[in-house]
Structure formats: C-alpha cells, structure tokens
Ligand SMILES: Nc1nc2c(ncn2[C@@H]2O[C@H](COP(=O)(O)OP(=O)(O)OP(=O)(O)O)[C@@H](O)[C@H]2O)c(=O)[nH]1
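Shown below, as structure tokens, is a lone chain in the form predicted alone; questions about how it binds or moves come after it.
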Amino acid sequence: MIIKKFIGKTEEEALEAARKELGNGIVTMNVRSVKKKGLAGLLGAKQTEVTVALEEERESLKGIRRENASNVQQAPRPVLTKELQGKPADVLGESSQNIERKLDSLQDLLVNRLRQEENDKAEQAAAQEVSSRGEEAQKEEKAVPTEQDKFYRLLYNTMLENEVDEKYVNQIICEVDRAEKTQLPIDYILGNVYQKMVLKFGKAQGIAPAEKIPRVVVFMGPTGVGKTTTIAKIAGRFAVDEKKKVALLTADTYRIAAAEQLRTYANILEVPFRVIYTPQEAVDAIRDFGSFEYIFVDTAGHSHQNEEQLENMKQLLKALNGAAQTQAFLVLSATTKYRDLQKIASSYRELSDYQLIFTKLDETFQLGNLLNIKLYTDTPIAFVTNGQNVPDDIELFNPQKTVKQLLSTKH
C-alpha cells in the first residue's frame, strides 16, 4: 500500500499531480487546506493537501487473485466519506492503517489459501503416490508365487517332463485350480490332481466274457509294436490260468517269422493254430472252432498310411463281425511319438471301435502318451506290457499306478 500527500492550489490540481505520479488507481483518503511553511506560508494563500492511497499490486498477489477470483471476493477499495474529510490527521492515519491492515490481511488470506491449495495438491499427489506404490506392492506381492503356486508349477513341469501333452496338463491344472479358491494344504492339492487324473484314465475293461461262444478277439496295430507277443501272453493267461478253450489265428501273411512265432507259442500252450489268407478263410476257421470260448486273431502290422492294407483289414473285420461276437484291440508302443500315435489311432478308428493296449513300458520312463491317447481317443486302456516274458509281463491296466508314475519326479 502506497500512501502519499500531494499539494496544489486546488484539490483537482493536487489530484492531477497524484494521478500523474501514481496513476488513475489512487484512492482519496483526505483533503485539507494547508499553508506553506515559513514566511511564505504566512504571507501566501492557502493550498490544498490531498492524501491518496494506492494498492501496490505484487506479482504473486496478482496471480493469487486471478486464480482465486471465483472463491475470494476482492476487498472493495476504501473511499473516504465526507464525514471523514477534514478530520484530524491522527484519525485519518488510523483509518489508513486499518485499511492497510485489512488489505494485508486479505493478501495473507489469499497467500495462505494458495499455500493450502498447494499443500492439498501435494498431499493428494503424495497420497496417490503412496496408493500407487501400495498397488505396485500388492502387484509385487501377487507376483511373488505362494507355496500353492509353486506346487502347481512343480506338478505342471513334472507332467510335461513325463510327456503329458501341454493341452491336457493345462486342462488338469485349471480344473483343480477352479475348484480351489483359497490356500489349501499341498497334500490336498496333490490328492485332488491324482484323483482327477485317475478319473480321466477311467477303469480298464479288458476282454469281455464269452456269453456266446466263440468270442473273437482281434489285435490290430502297426508293425513292431509287439502284437504277436501280446497275443501269446493273453492266450497263456486264458488257457493256463483260467482254463479256457482258446484257439489262435493269424492273418499276418506278410511276415513269415510272425506266423511261425505264434505257431510256436500255440504249440507251447497246446492250443490250435491256423493261418488265414482271406476273409472267407477267417469265417471258415471260426466255424471250425465254434466250440471254443475264445479265438485270438493276429493281424498284419502295416503303415497307417497304406490305404490298400487298411482296406484289406476292413474287409477282414467285416467278415469276422458277421461270423461271431467280435472285440478289437489296438496295440501301440509307449515309445512311439505322440503325433504318430494320433495318426495311427485315427486311421484305425475308421475300421472299428477298439480298446487300447500299450506295450514296451519297460523301454521308457515317460508314460505321458498313455494319458494323451486315452484322452485323444476317449477309449479305455485294457492292458499294458513291460517285457518279453510270456505270459508274465502283461497286466490289466492300473490307472492308480500309472498316475503315480506321471506325478513322480523320480525315474
């Protein structure tokens, strides 16, 4: 606040001098007649003294007023009334001081409000930063795997290492995870996964009882998977252990060694044996062995890509189905790659419904393909073999035993 006095011959002259120096924003605070000091004052005419005030606009205050124009009502400029004009100087001085104090108070108010707003913004920013850090911390906490997460990861990796297809691994883990909303004991999770995998394998069915004799059991599959040895093992169980009347047929005329091998097993087991070359010969053999309970038929192993051989197999199966109750098994090696197993399983599905037999479990530590093909075909596994000894190295498929191996890290 600038308060200054100007003297002129008249009031207007004094105000004009004040405006020239301070500008048009001046406020008239007091007007009075005065005499010049000294001798000149005694002889000369009286002059007019005008006291004016000018609000000093500070840059910071200008900014404050602009920013807070909507919230703070600017103080009105003080105007001296006629009652104040001509009052003693001390009264005018006190009035000026009051106005100045009020203006200073207003300025302080605005500054304080600005500072408060700045503090509020700072606090808000700090709160947001804390909140952001808190969210990041929560994310980091979430990112830190729990013991349950670690165990799921262990199960996941273990199944992959055992060559369970990733599609089915994810399926199993997701099914278990959806059912568990809270942190559960590791033993419980393991038991849940174990149970779900056992259920996915299902129960082994094996060879159905011969309600009407004879029951014809056909063994199909690619070359080299061990069909002939598998037939000998099953025939030995039925003939020796269960005292069933069993006959052996072979349609594998492509490999003489295979036919001779099965003949040797038939001689050891003391059961009839015959080689068949056509579908009609197969029908004749079934008629000739009509009093037998089981007739086991070995078929030629061939590539699933050989359409001619697949057609011959289709004709043979059609003849057998027309002659007796027939049950088919697809024999696969546990050492075959999963993609090849898929193609083999799909090609034989076009010929007949079947159950699965997996051989050569003793030649691999990874048994994931058993679950893969079971789920791929939605077909039960009947038997597994784990060696060449006849008739010992074969057993009815045991889902529990296989799942334990699939979830084991020890091989």
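In this text, all values refer to a predicted model and were calculated from it rather than measured experimentally. All residue numbers are counted from 1 along the displayed sequence.
The same protein also exists as the form predicted together with the ligand; that form is not shown, yet it is the one meant from here on.
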Can you tell me which of 305-313, 248-256, 278-286, 152-160 lies within 4.5 Å of the ligand in the model of the complex, counting heavy atoms only?
248-256
Joint contact, T10, E13 and T48 to the ligand in the model of the complex, by non-hydrogen atom at 4.5 Å
no
Can you pick out, from P145, G322, G191, G224, the residue that has a heavy atom within 4.5 Å of the ligand in the model of the complex?
G224
Non-hydrogen atom contact Q388 with the ligand in the model of the complex at 4.5 angstroms
yes
Find out whether any non-hydrogen atom of Q261 is located within 4.5 angstroms of the ligand in the model of the complex, and reply yes or no.
yes
Taking any heavy atom pair closer than or equal to 4.5 Å as contact, tell me whether E363 reaches the ligand in the model of the complex.
yes
Examine N369 and determine whether its closest non-hydrogen atom to the ligand in the model of the complex is within 4.5 angstroms.
no
Residue by residue through 226-249, tell me which have a non-hydrogen atom within 4.5 angstroms of the ligand in the model of the complex.
G226, K227, T228, T229, K233
